[in-house]
Structures are given as structure tokens and as C-alpha cells.
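Below you will find one chain, with nothing else, as C-alpha cells; this is the form predicted alone, and questions on how it binds or moves follow later.
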């Protein structure tokens, strides 16, 4: 069973993965801009976006963030202090050598990019040092991947459904993974900053 390590600095993790869909921009705008430019971890993000349009989310968030925000590239090494977004119509995966890969294999949970694909590949590589966040969304993508993170010893935090613009994704994850922990976005902010929810 995974236990949230409220007394453990975020630096004890090696990576963060985030999944979101409907309502993603509102949630990410609360979580990413507070991060310092020397943030010690990489953050890998899959958001459901239309396959035939450029993804405007990285540029939008880069204008608000001090960390680097970019669209992931195939075979790109993973660096700390960088937020990597899955490109439209490509799954984003983590390779054993801590690089990124892109795949145009079939959609998973009706989605490409798929949150499940990112979470499962990251869990295989990072194990107990992976922190996964499931945010607002209108389908069940991410639930199975979150179970993979838990099974590998990692930690899963879920945006409280009542605070999400679309509650199905966080609710589906909580139903599939009882070990996942529902938290408000301000509480998740504190975890990302290396503080427990009760600390200032």
C-alpha cells in the first residue's frame, strides 16, 4: 500500500507525471507557475488535445511559469526543471535511459496521447520515486496507469473531484486505486514545494 510521505522532501522523488483532460488549463495554471526556475524534478504531462491542431498549452503556460515548458521531442533526454507535454496525436513514454519517446500506436482509453501509457511507462522506470497527479478530466484515462504507479511503489495524488471542472477522471482514479489520495490544488502545491499539507 502506498502511503503519502508528507514529511519527505519532493527532491526524494525522481519525476512527476501529470494527467488531465477537460479543465486541464485551469488546474495546471494553479500548479505550475509557483515552481522555482531551479525546480529539482522533471514533470511529464499528458493532456487530451485535438489531434489535428497545434497544442497551444505549452506556450500559454510558459508565459506564466519560471520553469521551462515545452512540447516533448522523440529521444529527448529528461532534464530537471522542465515540463514536457505530450504532442497532439502521440503517446508520450519514458525510456529506461531516462529519455522520452513518442509513439503513434493505437489510442488507449480512446485517447492518443494517453495518460495510462505515460503513467505505466514512467512507473516501470521510476518505481517508488514517481509522483503522479490526476487532475480534472471527463473520462477514465489515467485510472489504470495510476494503479500501475501504486503497484510500483509510487504515489498518486488526485485533484478533489468537487474542485475539478470535470470530475469523472479524478473519480475514476479514486475508484480504481483506493490508495490514491484526493487533495485540493493548494495542498498539492505544498507537496510540489516539498511541504506537507499542514506546513506553511
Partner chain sequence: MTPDTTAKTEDIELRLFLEAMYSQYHYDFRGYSKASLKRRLLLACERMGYPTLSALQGQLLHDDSMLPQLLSYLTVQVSDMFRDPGYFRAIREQVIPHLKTYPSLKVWVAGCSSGEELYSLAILFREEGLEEKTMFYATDINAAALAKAEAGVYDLQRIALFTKNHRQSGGSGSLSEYYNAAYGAARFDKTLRRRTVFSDHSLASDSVFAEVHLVSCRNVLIYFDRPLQDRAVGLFKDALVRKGFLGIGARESLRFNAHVNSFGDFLPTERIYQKRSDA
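Source: prediction; values computed, not measured. Numbering follows the first chain given and starts at 1.
The protein also exists as the form predicted in complex with the partner chain; that form is not presented, and the subsequent description refers to it.
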(Q) Is the partner chain in the model of the complex close enough to 76, 87 and 103 that every residue in that trio has a heavy atom within 4.5 angstroms of it? (A) yes
Q) Might residue 38 be said to contact the partner chain in the model of the complex, defining contact as any heavy atom within 4.5 Å? A) no
Q: Although the partner chain is absent from this view, report whether residue 83 comes within 4.5 Å of it in the model of the complex, heavy atoms only.
A: no
Q) Wondering, does residue 165 line up within 4.5 Å of the partner chain in the model of the complex on heavy atoms? A) no
Q. Taking 4.5 angstroms as the cut-off for heavy atoms, does residue 94 touch the partner chain in the model of the complex?
A. yes
Q.
Please identify the residue among 138, 57, 65, 152 with any heavy atom within 4.5 Å of the partner chain in the model of the complex.
A. 152
Q: Could you tell me which stretch in 165 to 173, 130 to 138, 40 to 48, 65 to 73 has residues with non-hydrogen atoms within 4.5 Å of the partner chain in the model of the complex?
A: 65 to 73
